[in-house]
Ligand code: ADP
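Next up: just one chain, as C-alpha cells, the form predicted alone.
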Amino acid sequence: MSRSVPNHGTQESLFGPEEKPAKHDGLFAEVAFDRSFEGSLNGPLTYIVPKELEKNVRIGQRVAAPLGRKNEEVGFLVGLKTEVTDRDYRKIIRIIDLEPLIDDHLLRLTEWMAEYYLCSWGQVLASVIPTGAANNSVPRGTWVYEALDGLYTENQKLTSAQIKIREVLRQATEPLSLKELLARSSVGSSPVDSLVKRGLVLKRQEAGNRPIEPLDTQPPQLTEDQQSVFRQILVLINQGGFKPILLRGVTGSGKTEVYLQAIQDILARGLQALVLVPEISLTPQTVARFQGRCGETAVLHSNLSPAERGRYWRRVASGEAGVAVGARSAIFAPARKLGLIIVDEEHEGSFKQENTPRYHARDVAVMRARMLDIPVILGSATPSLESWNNAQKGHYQLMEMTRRVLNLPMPKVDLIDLRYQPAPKGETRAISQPLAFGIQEALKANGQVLLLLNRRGWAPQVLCPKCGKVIHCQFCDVPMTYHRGENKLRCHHCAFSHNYEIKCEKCGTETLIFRGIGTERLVEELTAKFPGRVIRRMDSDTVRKPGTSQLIQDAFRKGMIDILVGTQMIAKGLDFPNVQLVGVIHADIGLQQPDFRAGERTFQLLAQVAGRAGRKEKNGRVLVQTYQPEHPSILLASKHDFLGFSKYELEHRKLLGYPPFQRMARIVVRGLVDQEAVDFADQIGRMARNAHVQEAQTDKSAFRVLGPAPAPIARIENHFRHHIQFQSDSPNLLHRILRRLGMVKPPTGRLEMVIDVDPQSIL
C-alpha cells in the first residue's frame, strides 16, 4: 500500500556537484533521515526506487541512500508514490530490513511528534526503534555473574574462596561467565552458588535481567471503590472509541488491581495492552504481577541489552506478548492490536524525555489512543495539574478511589520542625531525636522503616573553611558531590569525577568541610545509631547493575532488610506490606529549585512516599523533617489533601499565566564561547518578538517572551547556556512562532539551539 508524504524542503542543496542521475517514471521513495531540525530541510526526501528493488521495498523499512556529500546514509522509508516527473532524483542504494520495522499507525504517530515537538521526523523514528530490533540481534543466553554491593556489609562472614570470588567480580569491568570466573579465582563452583543464594552475587543471562517470577495468580475480591471504577471502565470499553480516563486513587487504594482486571478483559477480546511506569525500578514488580495474571508480558526499557529489547519488541509485534510493560520509550511498543493504554503514576516528570525528541510519554500515550480510537487510563494518587485541569474541564473522564483496600486509614503524618531540633555544636546530623525514637519504636514492633533522602553520595558540597571556596565541577556550574565509598568527587550533571584530595586548591588549607547529607552518609549515621540492624540504600549508585533494584526490593519485601534508605525511586508505586514508619529527612530540598513546578513536585513526592506506610493491617506512621512546616506543599501533603493543594496551586498558576492555563515552550542556546551564546540568544529573542508583532495582525492571542537570560545552571559539560521562555494561551500561535525560530541556523558550529515544547524543568 503506497503512502504519499509531502516533501517539506528543497533537496537539491543536499546533492554534491557530481553528475545527477537520469530521469525516472516509476516508483519513488520518501526517506526521512536522522538529522537535526534546522534550516529548510526537515521533511522526507524523494529518491528513485531502482527496478530491481521495487518488488521488495515496503514502507517502514530502513534503506541506504546518498545524502549530501555522503555516499551512503541510513534513513527510514516513510512513503511510496508512483508518478512521472521531469525532476531528477538520486536512487536508493539498498534495502536494509527484510520486513518493515514500523507500521502505518506508528508512522502517523511519529510524524505528529515531529510536528508537535519541533524536531525532524527521522530523529523521532531513530529513537522509536530499539537497536536490537533494528539489528535483529539474538540473545546468546549465556549465564554470567557479577558482584552485588547493595546487600553487602563488611561484617558478613565469608570464606576465603567467597572473598576471592567477590574480589574478582568487583575488579572485573564486565560480567563474567562461570568458566572465566573460576579460571580467574582458582576456586570451585560451590562458593559461587553459595554467594548467589545469599544475594551477594548476581547470576543472570547475558542478554537480560534476573528471571522474574509471576505473582498474584488469583484475583482478589474487589473493594467497593474498585468495583465502581472497574464497572465504569468496562462501560467505556464496550462503547468503543477514544476515552481518556483520569483515575485518582489514594495510595493503597488498589489501582493496579483495576488495571489488571481491565487488561484481562482486553486480552479476552483478542487485543493487546500497553502499561507505562515511571521508573525502571518499578518494572520487575509490575511485570511479576502482570505475568501472573495476564500471561506473556514483554518488558521494554533502556536497561535491557539491545538483544533483549529486540526480542521483546518482536514478541509484541507478532502478538505473542499480549501485554507490554515499560518506562517512557515503551509507548512505542509495536502492538498491532492495541486495545488499551495505561500510564501509571502519570504525574511523574520522568515521562518527559530530556533530549531530542523531547516528548512526554503521557501526552504521546493520549495521542496514540486518540489515533487508534481506544481508551487510555492515566492513574495517580497525585495527578499532574495539567491532567487534573483537563478532568475538571471535562476533557478527561474523572474516576476516583478515595479509600484504601480493607478500609485501612491513611498513615498519620507528623511534621518535625528542624528549626527547633538543632544538632549538637560542631556536628552534622541527619536524624532528629523524634525521628530516631520513631525508628526505634517501629523496629521494636518488628516493623520496617523506609527513609527518603533525595540526595545521593556522602556530602553534596565540599568547601574550604578559610577562603570559603566550594569545589565545583570543571565543566559545570554546580558543586561536586563527595562519595566516600570511592573517595571521589562526582558531578551529577556530566558524570565527571576525580579523587578527593584533602587540600584547598585555592589557598592550600588542608582541612576541608563537608556540607549537607546524602544517602551514603545517612546509612553511616543509621549504622551507628542502630547497630545490628540490616540497613541498605537504594539509589542510582547502588542499582547500576541490571537486577540489583529487583534484588533489593525482594529482600526488603521478605523482611531481610530492617531499614531501607533511598532517593525518590523508593517513593513511587512500590508495595511493601510491613513498612510501619516512613521518614523524610529533608522535605525542603525540592523547594529550593528555581522552577515553577517545585511546589507541585514536592507535594507529589511527599504524598507518594507517605503512601508507602501502613499498607496492610498494621497502622503506619510518617515523620517529615522540615525547616518550612508552614509551606503549603508540605502542610497539605501532611494532611493528604490533594484537593486543597490543587486549588491553591492552580490559583497561583493562573495569576502568573503558567501551565495549564497557558502553553509553554523554552529555547536553550548552548555554546562553548559564552559571548557567542549570548549574541545568538539575543538574536532569537528579537526574532521571536518581531514574529509576534507580525502574527498579532491576525491572531490576538496572548503571547509572552521572557529572556533571554542565563539558565539557572549556566554551564553544563563546558557549554554556556542561555534560555528564552515562551508562554501563550494559543498552542497554534506558539508553534507557528517556534517553527519560524527553528529554521534559524546558528552562525557557528560551536552553537546549538534546543527547542523544548511543554518543558517539565526550566533548570
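None of these values were measured; they are calculated from a predicted model. Just count from 1 along the sequence shown to find any residue number.
Below, we turn to the form predicted in complex with the ligand, even though it does not appear here.
Enquirer: When you measure heavy atoms, are P460, P479 and I589 every one within 4.5 angstroms of the ligand in the predicted bound form?
Expert: Not a single listed residue reaches the ligand in the predicted bound form, so no.
Enquirer: From the list T509, N578, T256, S432, which entry has a heavy atom within 4.5 Å of the ligand in the predicted bound form?
Expert: Checked against the cut-off, the match is T256.
Enquirer: Of the residues Q625, Q553, T251, T542, which one places a heavy atom within 4.5 Å of the ligand in the predicted bound form?
Expert: By the 4.5 Å criterion, the partner-contacting residue is T251.
Enquirer: Taking the shortest heavy atom distance, is Q568 within 4.5 Å of the ligand in the predicted bound form?
Expert: Close contact is absent here: in the predicted bound form, Q568 is far from the ligand, nothing within 4.5 Å, heavy atoms only.
Enquirer: Please run the contact check for N238 against the ligand in the predicted bound form: heavy atoms, 4.5 angstroms, yes or no?
Expert: Residue-level check for N238: no, no contact with the ligand.
Enquirer: Whether L385 contacts the ligand in the predicted bound form should be assessed with a 4.5 Å heavy atom distance threshold; does it?
Expert: No.
Enquirer: Considering only heavy atoms, tell me if P220 and the ligand come within 4.5 Å of each other in the predicted bound form.
Expert: Looking in the predicted bound form, residue contacts with the ligand include P220, since a heavy atom lies within 4.5 Å.
Enquirer: Which of 689-697, 180-188, 223-231, 646-654 has heavy atoms within 4.5 Å of the ligand in the predicted bound form?
Expert: Only one stretch passes the 4.5 Å heavy-atom test: 223-231.
Enquirer: Can you tell me which bits of 386-413 touch the ligand in the predicted bound form, meaning any heavy atom within 4.5 Å?
Expert: Heavy-atom contacts within 4.5 Å come from V405, L406.
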